[in-house]
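Presented as C-alpha coordinates, the chain that follows is alone, the form predicted alone.
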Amino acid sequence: MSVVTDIAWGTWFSSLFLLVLGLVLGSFAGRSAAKFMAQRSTRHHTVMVRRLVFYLIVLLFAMAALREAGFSLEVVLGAAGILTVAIGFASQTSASNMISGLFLLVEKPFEIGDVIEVDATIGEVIGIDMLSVKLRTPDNLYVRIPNETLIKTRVVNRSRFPIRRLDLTVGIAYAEDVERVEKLLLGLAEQNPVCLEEPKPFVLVTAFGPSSVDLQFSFWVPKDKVLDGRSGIMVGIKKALDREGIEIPFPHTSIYAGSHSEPFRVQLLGPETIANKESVDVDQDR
(Lines give C-alpha, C1' and ligand atoms only; values in the text may rest on other atoms or scores of the structure.)
Protein backbone atom coordinates (compact mmCIF):
# COMPACT_ATOMS: atom_id res chain seq x y z
CA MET A 1 0.00 0.00 0.00
CA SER A 2 2.89 2.28 0.72
CA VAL A 3 4.19 1.71 -2.81
CA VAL A 4 0.95 3.09 -4.21
CA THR A 5 0.90 6.14 -1.95
CA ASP A 6 4.57 6.91 -2.54
CA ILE A 7 3.97 7.45 -6.26
CA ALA A 8 2.62 10.83 -7.26
CA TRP A 9 -0.80 11.06 -8.90
CA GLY A 10 0.75 12.71 -11.92
CA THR A 11 2.96 9.69 -12.43
CA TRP A 12 -0.06 7.38 -12.21
CA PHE A 13 -1.86 9.43 -14.85
CA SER A 14 1.22 9.35 -17.09
CA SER A 15 1.44 5.57 -16.75
CA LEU A 16 -2.27 5.16 -17.42
CA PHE A 17 -1.99 7.42 -20.46
CA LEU A 18 0.83 5.27 -21.84
CA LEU A 19 -1.20 2.10 -21.29
CA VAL A 20 -4.30 3.53 -23.02
CA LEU A 21 -2.13 4.87 -25.83
CA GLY A 22 -0.62 1.41 -26.27
CA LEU A 23 -4.08 -0.16 -26.54
CA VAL A 24 -5.19 2.40 -29.13
CA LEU A 25 -2.01 2.20 -31.20
CA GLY A 26 -1.94 -1.58 -30.91
CA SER A 27 -5.50 -1.86 -32.18
CA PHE A 28 -4.81 0.57 -35.03
CA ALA A 29 -1.56 -1.16 -36.00
CA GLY A 30 -3.19 -4.59 -35.79
CA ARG A 31 -6.03 -3.59 -38.11
CA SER A 32 -3.59 -1.97 -40.54
CA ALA A 33 -1.47 -5.12 -40.60
CA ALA A 34 -4.59 -7.22 -41.17
CA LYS A 35 -5.61 -5.08 -44.15
CA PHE A 36 -2.12 -5.38 -45.58
CA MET A 37 -2.07 -9.16 -45.13
CA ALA A 38 -5.64 -9.76 -46.30
CA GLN A 39 -4.73 -9.56 -49.99
CA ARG A 40 -1.45 -11.40 -49.62
CA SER A 41 -2.08 -14.30 -47.27
CA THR A 42 -4.72 -16.62 -45.79
CA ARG A 43 -7.24 -15.64 -43.12
CA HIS A 44 -5.37 -17.74 -40.59
CA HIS A 45 -2.08 -15.90 -41.11
CA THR A 46 -3.87 -12.55 -41.22
CA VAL A 47 -5.45 -13.12 -37.80
CA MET A 48 -2.16 -14.34 -36.33
CA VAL A 49 -0.26 -11.27 -37.58
CA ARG A 50 -2.97 -8.90 -36.34
CA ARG A 51 -2.90 -10.38 -32.83
CA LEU A 52 0.90 -10.54 -32.76
CA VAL A 53 1.21 -6.85 -33.68
CA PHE A 54 -1.45 -5.85 -31.16
CA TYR A 55 0.01 -7.76 -28.20
CA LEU A 56 3.57 -6.71 -29.04
CA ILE A 57 2.72 -2.99 -29.03
CA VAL A 58 0.58 -3.31 -25.89
CA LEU A 59 3.42 -5.14 -24.14
CA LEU A 60 5.95 -2.45 -25.05
CA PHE A 61 3.69 0.34 -23.82
CA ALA A 62 2.85 -1.61 -20.64
CA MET A 63 6.56 -1.96 -19.87
CA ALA A 64 7.01 1.76 -20.55
CA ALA A 65 4.09 2.53 -18.21
CA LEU A 66 5.63 0.44 -15.43
CA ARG A 67 8.96 2.16 -15.90
CA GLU A 68 7.20 5.55 -15.83
CA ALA A 69 5.60 4.55 -12.53
CA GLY A 70 9.02 3.80 -11.11
CA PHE A 71 8.89 0.01 -11.07
CA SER A 72 12.04 -1.95 -11.86
CA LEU A 73 11.47 -4.18 -14.88
CA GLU A 74 13.72 -6.89 -13.48
CA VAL A 75 11.58 -7.13 -10.36
CA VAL A 76 8.37 -7.04 -12.39
CA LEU A 77 9.55 -9.77 -14.75
CA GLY A 78 10.64 -11.93 -11.82
CA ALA A 79 7.29 -11.49 -10.12
CA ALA A 80 5.52 -12.25 -13.39
CA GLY A 81 7.49 -15.48 -13.73
CA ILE A 82 6.63 -16.59 -10.21
CA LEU A 83 3.01 -15.61 -10.78
CA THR A 84 2.91 -17.56 -14.04
CA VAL A 85 4.23 -20.71 -12.35
CA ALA A 86 1.74 -20.33 -9.51
CA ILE A 87 -1.15 -19.84 -11.92
CA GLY A 88 0.06 -22.79 -13.97
CA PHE A 89 -0.07 -25.12 -10.97
CA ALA A 90 -3.44 -23.73 -9.94
CA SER A 91 -4.98 -24.06 -13.40
CA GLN A 92 -3.39 -27.04 -15.07
CA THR A 93 -6.29 -27.40 -17.52
CA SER A 94 -5.81 -23.87 -18.83
CA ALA A 95 -2.05 -24.39 -19.07
CA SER A 96 -2.61 -27.64 -20.98
CA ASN A 97 -4.96 -25.84 -23.37
CA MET A 98 -2.40 -23.06 -23.94
CA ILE A 99 0.37 -25.54 -24.71
CA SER A 100 -1.98 -27.48 -26.99
CA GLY A 101 -2.82 -24.21 -28.74
CA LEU A 102 0.87 -23.65 -29.47
CA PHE A 103 1.11 -27.13 -30.96
CA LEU A 104 -1.92 -26.40 -33.14
CA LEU A 105 -0.35 -23.17 -34.38
CA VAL A 106 2.93 -24.89 -35.19
CA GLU A 107 1.55 -28.10 -36.66
CA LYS A 108 -1.31 -26.25 -38.37
CA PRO A 109 -3.69 -29.19 -39.03
CA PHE A 110 -6.36 -26.65 -40.03
CA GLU A 111 -6.72 -22.92 -40.58
CA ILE A 112 -9.44 -20.35 -40.16
CA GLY A 113 -12.04 -20.97 -42.85
CA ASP A 114 -11.48 -24.74 -43.03
CA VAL A 115 -14.34 -27.17 -42.40
CA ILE A 116 -13.34 -29.78 -39.82
CA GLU A 117 -14.98 -32.74 -38.11
CA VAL A 118 -14.31 -33.40 -34.42
CA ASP A 119 -16.10 -36.46 -33.04
CA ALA A 120 -19.68 -35.88 -34.24
CA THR A 121 -19.35 -32.12 -34.74
CA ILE A 122 -18.79 -30.59 -38.19
CA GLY A 123 -18.23 -26.89 -38.63
CA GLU A 124 -16.20 -24.05 -40.13
CA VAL A 125 -13.26 -22.78 -38.09
CA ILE A 126 -13.95 -19.14 -37.21
CA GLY A 127 -11.32 -18.68 -34.51
CA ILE A 128 -8.14 -20.27 -33.14
CA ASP A 129 -7.30 -18.86 -29.71
CA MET A 130 -4.85 -19.84 -27.01
CA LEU A 131 -7.43 -21.85 -25.04
CA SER A 132 -9.95 -23.06 -27.59
CA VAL A 133 -11.05 -23.29 -31.20
CA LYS A 134 -14.39 -21.84 -32.27
CA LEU A 135 -16.58 -23.51 -34.90
CA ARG A 136 -19.74 -22.50 -36.71
CA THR A 137 -21.82 -25.54 -37.66
CA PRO A 138 -23.87 -25.78 -40.88
CA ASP A 139 -27.05 -25.09 -38.87
CA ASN A 140 -25.42 -21.90 -37.50
CA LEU A 141 -24.51 -23.07 -34.02
CA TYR A 142 -21.49 -21.72 -32.15
CA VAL A 143 -19.27 -24.51 -30.81
CA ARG A 144 -16.22 -24.03 -28.60
CA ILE A 145 -13.74 -26.91 -28.40
CA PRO A 146 -10.78 -26.80 -25.96
CA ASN A 147 -7.38 -27.07 -27.63
CA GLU A 148 -6.47 -30.06 -25.48
CA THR A 149 -9.42 -31.99 -26.92
CA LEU A 150 -8.25 -31.28 -30.47
CA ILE A 151 -4.79 -32.61 -29.66
CA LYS A 152 -6.11 -35.83 -28.13
CA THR A 153 -8.93 -36.65 -30.52
CA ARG A 154 -9.21 -37.45 -34.22
CA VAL A 155 -9.70 -34.34 -36.36
CA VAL A 156 -10.83 -34.60 -39.99
CA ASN A 157 -10.14 -31.60 -42.22
CA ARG A 158 -12.82 -31.73 -44.92
CA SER A 159 -11.53 -28.78 -46.91
CA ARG A 160 -7.74 -29.22 -46.89
CA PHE A 161 -7.68 -30.37 -50.52
CA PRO A 162 -9.45 -28.54 -53.36
CA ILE A 163 -11.47 -31.54 -54.58
CA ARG A 164 -13.34 -34.39 -52.86
CA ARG A 165 -14.60 -37.79 -53.95
CA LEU A 166 -18.22 -38.73 -53.34
CA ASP A 167 -19.18 -42.41 -53.06
CA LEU A 168 -22.81 -43.36 -53.66
CA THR A 169 -24.25 -46.86 -53.22
CA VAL A 170 -26.77 -47.84 -55.91
CA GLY A 171 -28.71 -51.11 -55.61
CA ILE A 172 -30.30 -52.72 -58.68
CA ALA A 173 -32.34 -55.88 -59.11
CA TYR A 174 -30.56 -59.13 -59.97
CA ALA A 175 -32.38 -59.29 -63.30
CA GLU A 176 -30.85 -56.01 -64.52
CA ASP A 177 -27.81 -55.66 -66.77
CA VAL A 178 -24.95 -54.38 -64.62
CA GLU A 179 -22.86 -53.12 -67.54
CA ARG A 180 -25.81 -51.13 -68.89
CA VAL A 181 -26.33 -49.48 -65.50
CA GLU A 182 -22.59 -48.73 -65.30
CA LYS A 183 -22.68 -46.88 -68.64
CA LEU A 184 -25.78 -45.01 -67.51
CA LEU A 185 -24.12 -43.81 -64.31
CA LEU A 186 -20.93 -42.74 -66.06
CA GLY A 187 -23.05 -40.83 -68.57
CA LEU A 188 -24.74 -38.96 -65.71
CA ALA A 189 -21.35 -37.92 -64.34
CA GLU A 190 -20.29 -36.73 -67.78
CA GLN A 191 -23.43 -34.61 -68.20
CA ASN A 192 -23.38 -33.07 -64.73
CA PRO A 193 -21.27 -29.84 -64.71
CA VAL A 194 -20.38 -30.27 -61.04
CA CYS A 195 -18.58 -33.60 -61.63
CA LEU A 196 -14.94 -33.29 -62.66
CA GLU A 197 -13.55 -35.02 -65.73
CA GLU A 198 -10.25 -35.70 -63.94
CA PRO A 199 -9.92 -37.78 -61.83
CA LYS A 200 -12.33 -39.95 -63.78
CA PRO A 201 -15.54 -41.29 -62.19
CA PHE A 202 -15.86 -45.06 -61.84
CA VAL A 203 -18.35 -47.77 -60.91
CA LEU A 204 -17.59 -50.89 -58.84
CA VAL A 205 -19.70 -53.91 -57.95
CA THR A 206 -19.28 -54.08 -54.19
CA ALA A 207 -21.70 -56.76 -52.96
CA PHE A 208 -24.48 -59.20 -53.79
CA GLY A 209 -27.04 -58.14 -51.24
CA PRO A 210 -30.13 -60.01 -50.02
CA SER A 211 -32.31 -58.38 -52.68
CA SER A 212 -30.00 -56.32 -54.87
CA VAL A 213 -26.66 -56.06 -56.62
CA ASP A 214 -24.86 -53.19 -54.88
CA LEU A 215 -22.79 -50.79 -56.97
CA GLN A 216 -20.41 -48.05 -55.76
CA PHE A 217 -20.62 -44.95 -57.97
CA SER A 218 -17.68 -42.62 -57.24
CA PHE A 219 -17.03 -39.20 -58.75
CA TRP A 220 -15.03 -36.05 -57.87
CA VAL A 221 -16.38 -32.56 -57.20
CA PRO A 222 -14.88 -29.23 -56.01
CA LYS A 223 -14.83 -28.96 -52.22
CA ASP A 224 -17.42 -26.18 -52.23
CA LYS A 225 -19.85 -28.22 -54.40
CA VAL A 226 -20.17 -31.32 -52.22
CA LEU A 227 -23.83 -30.90 -51.29
CA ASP A 228 -24.88 -29.79 -54.78
CA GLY A 229 -22.97 -32.66 -56.37
CA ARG A 230 -24.43 -35.34 -54.09
CA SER A 231 -28.02 -34.16 -54.32
CA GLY A 232 -27.93 -33.45 -58.05
CA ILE A 233 -26.45 -36.81 -58.95
CA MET A 234 -28.87 -38.73 -56.70
CA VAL A 235 -31.84 -37.03 -58.34
CA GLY A 236 -30.33 -37.79 -61.75
CA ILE A 237 -29.83 -41.47 -60.85
CA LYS A 238 -33.46 -41.87 -59.76
CA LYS A 239 -34.81 -40.21 -62.92
CA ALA A 240 -32.49 -42.14 -65.23
CA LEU A 241 -33.26 -45.54 -63.72
CA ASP A 242 -37.01 -44.84 -63.81
CA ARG A 243 -36.77 -43.67 -67.43
CA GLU A 244 -34.86 -46.78 -68.49
CA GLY A 245 -37.16 -49.12 -66.57
CA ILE A 246 -34.39 -50.35 -64.25
CA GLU A 247 -35.73 -51.59 -60.94
CA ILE A 248 -34.39 -50.27 -57.65
CA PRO A 249 -35.33 -52.99 -55.13
CA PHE A 250 -36.30 -52.04 -51.62
CA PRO A 251 -37.36 -54.09 -48.57
CA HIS A 252 -41.05 -55.01 -48.31
CA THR A 253 -42.83 -55.46 -44.99
CA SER A 254 -45.88 -57.73 -44.64
CA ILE A 255 -48.03 -57.62 -41.53
CA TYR A 256 -49.82 -60.93 -40.72
CA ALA A 257 -52.40 -61.23 -37.98
CA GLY A 258 -52.63 -64.90 -36.98
CA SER A 259 -55.72 -66.72 -35.61
CA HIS A 260 -54.47 -66.29 -32.04
CA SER A 261 -54.96 -62.55 -32.32
CA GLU A 262 -58.69 -62.88 -33.08
CA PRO A 263 -61.13 -62.14 -30.22
CA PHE A 264 -62.51 -65.08 -28.28
CA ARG A 265 -66.16 -65.91 -28.86
CA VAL A 266 -68.37 -66.09 -25.69
CA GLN A 267 -71.53 -68.22 -25.81
CA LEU A 268 -74.10 -69.05 -23.10
CA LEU A 269 -75.27 -72.65 -23.21
CA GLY A 270 -78.67 -73.88 -22.00
CA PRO A 271 -79.23 -77.01 -19.92
CA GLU A 272 -80.20 -78.96 -22.97
CA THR A 273 -76.92 -78.20 -24.68
CA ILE A 274 -74.61 -78.73 -21.68
CA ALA A 275 -74.57 -82.44 -22.32
CA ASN A 276 -73.37 -81.79 -25.86
CA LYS A 277 -71.00 -78.91 -25.09
CA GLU A 278 -68.02 -81.05 -25.86
CA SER A 279 -69.13 -81.15 -29.46
CA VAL A 280 -69.38 -77.40 -29.81
CA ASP A 281 -66.85 -76.14 -32.32
CA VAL A 282 -65.96 -72.47 -32.13
CA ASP A 283 -65.08 -72.46 -35.79
CA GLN A 284 -68.57 -73.40 -36.92
CA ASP A 285 -69.84 -69.83 -36.84
CA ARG A 286 -66.95 -68.39 -38.75
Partner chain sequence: MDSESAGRDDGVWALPYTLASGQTQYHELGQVRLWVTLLDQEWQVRSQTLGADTDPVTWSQSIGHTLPSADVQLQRFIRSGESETVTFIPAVASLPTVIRPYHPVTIPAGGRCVIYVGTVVWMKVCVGESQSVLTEIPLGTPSLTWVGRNTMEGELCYSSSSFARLVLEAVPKRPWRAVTPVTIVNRREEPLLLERFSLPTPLLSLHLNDRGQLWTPGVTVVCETEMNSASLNVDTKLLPAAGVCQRVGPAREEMARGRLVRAFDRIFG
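Positions refer to the first chain, counted from 1. On a predicted model such as this, the values are computed, not experimentally measured, just so you know.
Although it is not shown, the form predicted in complex with the partner chain is what the next lines describe.
Pick the stretch from 161-169, 209-217, 110-118, 132-140 whose residues have a heavy atom within 4.5 Å of the partner chain in the predicted complex.
After filtering at 4.5 Å, what remains is 161-169.
Residue contact check: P222 to the partner chain in the predicted complex, 4.5 Å heavy atom:
Yes, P222 lies within 4.5 Å of the partner chain in the predicted complex.
Do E197 and the partner chain share at least one heavy atom pair within 4.5 Å in the predicted complex?
Result yes; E197 sits at the interface with the partner chain in the predicted complex.
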